[in-house]
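One chain comes next, on its own, written as structure tokens: the form predicted alone.
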């Protein structure tokens, strides 16, 4: 198959990834869907691909080999799941049958065909979506802070979605992105970094054939709901500002997401109903054998939690593992 899609997650996000795969499969049953798993399963749980809506699996070990443990130790869970995205994209693009690749964050659900983007990739090498496509009103300071200033801090484009073709220019971009994420995929807004996302502010500067997709039906989320209204047309199709709802990004599911959705969806009951639907879908896809907050790489071998400060110290000491061989697997304790 020429079109492939993938998402990156740990097992505590498998429930969300299942909803993504299910909804994407409903729209595009002929696409090849990959699961990029940055984790090892908890005791008693088996990830059985034959029972999932995914077609293929990539593990972090497949991408990094013997570097897996020392590299992962220098990243927290969000940094790790985003840092592998470019390497996984390289792996998928290396498959001979692939012509176009789509990335979706696991907390996305797809509601209409992505055929428009498939067609765009005949003319563009890279397709990205901005967090916002309309400015907030000058007197709405809270919305400016929550949305526009947040975008300035974390990235103009939301990298919960990305699409590329297999052109030399797209491959050039992916190699550059992989190089940067291997060493600099960190949550350090004080240094101008926000995991994989801030790097992509540079995409239109460095690469040709970039399509900034401003259609409001794509990547709908709390950060743009102040300017996007959901309704249903006479055929029952979900619409955003009179455009088909392509996919919704259910970011920060839980109390934070609830607050932001209520703040910006306001009286748009269709959004609140969609949020409730997604919560139920995630609940239905949750496996009781996966403990809440599970991440195999979040703990030492003795079961104690790894502090973020320890990860930062380890990655900042470039020669630590070289001079202390026992730290080549820093998870041992």
Partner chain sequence: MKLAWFQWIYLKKNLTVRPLFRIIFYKKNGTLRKIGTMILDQEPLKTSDLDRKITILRKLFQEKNQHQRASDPPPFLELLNPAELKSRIKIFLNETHSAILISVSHDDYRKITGGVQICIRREEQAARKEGFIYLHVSPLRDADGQNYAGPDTIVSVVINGSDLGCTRLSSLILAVRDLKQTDIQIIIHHLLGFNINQLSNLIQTTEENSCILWLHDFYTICPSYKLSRNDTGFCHAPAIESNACQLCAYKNERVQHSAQVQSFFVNHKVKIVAPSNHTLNFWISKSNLKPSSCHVISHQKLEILPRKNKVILSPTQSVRVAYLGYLIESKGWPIFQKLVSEFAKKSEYKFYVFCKNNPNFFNVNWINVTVTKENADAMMNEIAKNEIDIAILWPNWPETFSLTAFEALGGSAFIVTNSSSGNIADIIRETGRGVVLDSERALVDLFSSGAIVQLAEKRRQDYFENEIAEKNSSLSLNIIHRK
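Please read all numbers here as calculations on a predicted model, not as lab measurements. Positions refer to the first chain, counted from 1.
The form predicted together with the partner chain exists for this protein as well; it is not shown, and the discussion that follows is about that form.
Shown alone, this chain has one stretch from 214 to 222, 254 to 262, 87 to 95, 185 to 193 that lies within 4.5 Å of the partner chain in the predicted bound form by heavy atoms: 254 to 262. When contacts are defined as a non-hydrogen atom within 4.5 Å, all of 112, 238 and 275 contact the partner chain in the predicted bound form. Distance criterion of 4.5 Å from any heavy atom to the partner chain in the predicted bound form singles out 279 from the list 57, 279, 62, 289. Interface residue among 269, 49, 299, 67 relative to the partner chain in the predicted bound form, by the heavy atom within 4.5 Å criterion: 269. At least one heavy atom of residue 232 is located within 4.5 Å of the partner chain in the predicted bound form.
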